[in-house]
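Only one chain is included here, represented as structure tokens and corresponding to the form predicted on its own.
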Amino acid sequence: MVILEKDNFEEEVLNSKGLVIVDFWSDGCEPCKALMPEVEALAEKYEGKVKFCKLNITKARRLAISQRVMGLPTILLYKDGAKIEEVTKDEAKAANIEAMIEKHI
């Protein structure tokens, strides 16, 4: 998984071709931490088809807000740099994330 920060978000996500998943999380978000191993398993399963990234919003709040992330956990799916779908809060479960991916590959 690509670790995102303010400095590389544009290059790794917005300027990327194909599908990119971004897992927005923070140190204080227990549901985010619980979900992370499942997201990492999906990253392995879809390696070569979807680029997986994660962004700790603790140091990138403005960036998260600019992407309309208003609660956690939030998983956004981008295609060729444009946000096309999202799974948020209570819906952020591995099965829902995988269903979102399957719809677009």
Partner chain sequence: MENLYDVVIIGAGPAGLAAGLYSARAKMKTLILEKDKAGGQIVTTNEVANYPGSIDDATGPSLVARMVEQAESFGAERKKDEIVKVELQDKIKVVTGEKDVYKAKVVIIATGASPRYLGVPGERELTGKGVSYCATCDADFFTDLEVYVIGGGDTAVEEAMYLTKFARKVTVVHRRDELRAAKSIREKAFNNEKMAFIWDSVVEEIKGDGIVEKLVLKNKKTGEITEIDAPEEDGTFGIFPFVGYIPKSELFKDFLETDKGGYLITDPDMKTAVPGVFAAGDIRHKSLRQVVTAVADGAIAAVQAEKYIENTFEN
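Residue numbers count along the first chain shown, from 1. Keep in mind that what you see is a predicted model, and the values were worked out from it rather than measured.
The form predicted in complex with its partner chain exists for this protein as well; it is not shown, and the discussion that follows is about that form.
Student: Report yes if any heavy atom of Glu38 sits within 4.5 Å of a heavy atom of its partner chain in the predicted bound form; otherwise report no.
Tutor: Although its partner chain is absent here, Glu38 would touch it in the predicted bound form, with heavy atoms inside 4.5 Å.
Student: Although its partner chain is absent from this view, report whether Glu12 comes within 4.5 Å of it in the predicted bound form, heavy atoms only.
Tutor: Heavy-atom contact with its partner chain at 4.5 Å: absent for Glu12.
Student: With heavy atoms only and a cut-off of 4.5 Å, decide whether Glu85 touches its partner chain in the predicted bound form.
Tutor: No.
Student: When the contact criterion is heavy atoms within 4.5 Å, does Lys79 count as touching its partner chain in the predicted bound form?
Tutor: Contact with its partner chain, no.
Student: Counting any non-hydrogen atom inside 4.5 Å, which residue from Cys53, Val50, Val69, Leu42 sits next to its partner chain in the predicted bound form?
Tutor: That would be Val69.
Student: Just give me the residues of 22-42, first to last, that have a heavy atom within 4.5 Å of its partner chain in the predicted bound form.
Tutor: Those in contact are Ser26, Gly28, Cys29, Glu30, Pro31, Ala34, Leu35, Glu38.
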